[in-house]
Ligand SMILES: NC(=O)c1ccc[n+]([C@@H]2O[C@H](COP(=O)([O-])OP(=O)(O)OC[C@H]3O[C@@H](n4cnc5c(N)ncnc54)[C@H](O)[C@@H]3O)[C@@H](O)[C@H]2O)c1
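This document starts with one chain, in the form predicted alone, laid out as structure tokens.
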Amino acid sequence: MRTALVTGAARGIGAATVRHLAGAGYAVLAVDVAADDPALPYALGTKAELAAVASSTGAEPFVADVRDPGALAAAVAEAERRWGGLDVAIAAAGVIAGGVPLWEVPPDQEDAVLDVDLRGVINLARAAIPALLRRPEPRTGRFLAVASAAATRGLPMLAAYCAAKAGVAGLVRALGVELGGTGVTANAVSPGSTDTPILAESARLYGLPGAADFAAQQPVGRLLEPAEIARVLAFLAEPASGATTGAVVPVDGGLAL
């Protein structure tokens, strides 16, 4: 049985990934901060949502803030204690802020975006990759992250978000090289406009009626579903994906074309 740790698990792409992996027979530690951030003007995932994801999938819930390296180390330790090791770590936690030019964004909101969306991925890598490497050879460990089409496409009034996601893309490319020859790979997916609470908040920041207004900007002509992103993450999590490393895989409905 393969084991996985997923951050941002209470809702959105993280929750969809927990559901997909659990359905495929993984043992999953579903990690989320499960609390609002006073710096951000919208609601984050809740303990009730995290509990619902866990109860519906058989995953184990674990409350941790990705900005806290000690909390992520404890989450990794819990996965190893419970299941004897860790095979997959997926950084799906994310927040968004902006709606004004960068120089007008409140510093605490900018910090939240950079600290969760980039530093949180780095923190998970530092905590989880040693656990992936503790598996005996031949290893098939997988470190995965959720980037964004914003990593390559400049989005006005979301500069910090673009910077963080570009950082995630650069991080996995470097990790792919650093992990060469170990059997552990590092990759990211780059979603387009996906029907999640982050997209709903993006619509509010742009003064749009709702997330559906983003559908027209994608060549597929619709919003993506979180499960579509989760399916690609699940493929990259499998042992059979070992030929792919240091990659940023677009799952964006053509948004970045």
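Just so it is clear, the model here is predicted, and its values are computed rather than measured. One-based numbering along the sequence shown.
Heads up, the form predicted in complex with the named molecule isn't pictured, but that's what we're talking about next.
For the residues 171, 95, 160, 184, the 4.5 Å heavy atom test against the named molecule in the predicted complex is passed only by 95. This chain is displayed alone, yet in the predicted complex one of 54, 232, 27, 44 has a heavy atom within 4.5 Å of the named molecule; that residue is 44. The closest non-hydrogen atom of residue 21 lies beyond 4.5 Å of the named molecule in the predicted complex. At the 4.5 Å threshold, heavy atoms of residue 69 stay clear of the named molecule in the predicted complex, well away from it.
Within this chain, residue 142 is remote from the site of the named molecule in the predicted complex, having no heavy atom within 4.5 Å. In the predicted complex, the named molecule sits within 4.5 Å of a heavy atom of residue 146. With the partner omitted here, the stretch from 73-81, 101-109, 160-168, 132-140 that lies within 4.5 Å of the named molecule by heavy atoms in the predicted complex is 160-168. Scanning 177-210 for heavy atoms within 4.5 Å of the named molecule in the predicted complex gives 191, 192, 193, 194, 196, 197, 198, 199 in sequence order.
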